[in-house]
Each structure stands twice: as C-alpha cells, then as structure tokens.
Ligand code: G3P
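As a starting point, one isolated chain is supplied in structure tokens, in the form predicted on its own.
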Amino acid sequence: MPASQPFTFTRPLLVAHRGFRANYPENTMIAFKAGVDAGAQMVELDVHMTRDRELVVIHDDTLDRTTDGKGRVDEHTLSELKKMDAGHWFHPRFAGERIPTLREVLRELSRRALINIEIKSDYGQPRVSSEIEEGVLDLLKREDAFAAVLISSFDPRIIENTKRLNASLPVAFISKSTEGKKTVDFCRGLDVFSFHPNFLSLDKELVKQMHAAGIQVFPYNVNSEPEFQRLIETGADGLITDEPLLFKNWYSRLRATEKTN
C-alpha cells in the first residue's frame, strides 16, 4: 500500500535543490526564497543537529565548504554557528548570509511551498539513533507543518524510523543507482511516497514500474535542457534541479509549442 499523500502538486513538480543553488549560496534563506520566486513548488534542504541539539540547515556534516567556519557541525552550538558567514564563499555580494535553522525555514516557507527535508546518515555511516528524526517530527508538530513536508534519505533506517514515528508522513528514498524491479520492491517495502534517483540511472521502464506500485518519481541533479526533455519523456513526476528558473522557462516554451501544434 503506497504512502498517503497529504499534499498536492502540479506535474511536473519543480523542486529547487538546496534552493536556487546555481545562482545563490546553497541551503540559505535567500536561495530558498529565490527558488520559490523562480517557480519551484518545493524546496529541498538538508538538516544536521548542533552540539546543543538544534536542527540547522546545511548539506555537509562539516562547515568548511559552505561557511567561513571549520570543523563538524555537531561540535558547535547554534549560537556559534549563527556567527558564521554562509554566503561569501559563493560570492561577496552574499556576505552575511547565515546558516538557517529548520524552524526558520518552516516559518518562512511552509505556507508558500512544499519542503523536502533530507536527513543524512552520520558521516556516511547508517545511524542507529533516531534523535534527528524525532527532533524533525517534533518541530513539524509544533510548527503545524506536516502538510507541507516530505522526508527523504539515502539511509533506509532513517526512512523506517520516520515511518515508525509517524506512519502517515510521506517519505522518499534517494539512490545513486537503480536495479529495476529490485529497487521497486525495496521502495514498496519502505512504504515510500516517492523515489529520488540520480537522473543518469532513470529510464521509462523503471518509471512505469514505480507508477504501477503507486510511487512517484523525482530524479535529482537534472540541470540542462536536454536532460529536462529526456526525463520528462520518461514519465517522471517532477525534477530536482539547481536551475529552477531554467526549467520553468524551458517548460513554458515546451507547453507553448504543444499548444500551437
């Protein structure tokens, strides 16, 4: 039985990957707002937990790549992280952008867009603790944001923990590769709402099998017009892209051409 769908969307679902990542510093509030302004129905983001057990939005488990800080996220308190610059690394005009908390993003965007919260494994290793999942779900309850959220992960245990804590919350399995029916059966066993494969591994047959199982398909890293075309032709239900405006403009042209033919 496929997972329930508390939110609705218009196909193809346009998902801004870490916000409008191509033009803005990823996983910052300005990137998320820009993604929505560019036409994305959903923004995708990543969460980690601080030393004082707060949920912050950042992709890596370390600070070095996307801030002027050093070391692991979980070695710092929220107060310490809020002093770090999360924008200057991308371009000097974004200097002063901060690492947002998940609460801040929910309060800013959950009435404007759907939010795909990716929960990471610990430093590439499967986690036994469900502390982050519990923290995310507790925050969603306090912010009354369940109807706007999809929880995703590469780690099946995180998906299982989330479903155990809230069976009705839609979840998604992310994968770098696919193995045909084996992948479909695996996703069905996890009771996922959607499957998020790397765009390179997706074809029409897999989309057909996922749809037969009641599972939506949203490939990620789709960032060029030829790939937009190919992935839409597979029957994918939406795309996760760093280039939401490029996709919106391309799709508008496609629909205009279809109407004149």
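The first residue of the shown sequence is 1; numbering continues from there. Every value quoted in this text rests on a predicted model; they were computed, and no experiment measured them.
Not pictured, yet referred to below: the form predicted in complex with SN-glycerol-3-phosphate (G3P).
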property	result
4.5 Å heavy atom contact, residue 239 and SN-glycerol-3-phosphate (G3P) in the predicted complex	no
Heavy atom of residue 230 within 4.5 Å of SN-glycerol-3-phosphate (G3P) in the predicted complex	no
is_contact(residue 59, SN-glycerol-3-phosphate (G3P)) in the predicted complex, heavy atom dist at most 4.5 Å	yes
Exercise: residue 46 in contact with SN-glycerol-3-phosphate (G3P) in the predicted complex, heavy atom 4.5 Å	yes
Answer range among 231 to 239, 38 to 46, 202 to 210, 66 to 74 for contact with SN-glycerol-3-phosphate (G3P), defined in the predicted complex as heavy atoms within 4.5 Å	38 to 46
SN-glycerol-3-phosphate (G3P): the contacting residue among 191, 118, 97, 155 in the predicted complex [heavy atom, 4.5 Å]	118
Partner-contacting position among 106, 174, 184, 113 - heavy atom within 4.5 Å of SN-glycerol-3-phosphate (G3P) in the predicted complex	174
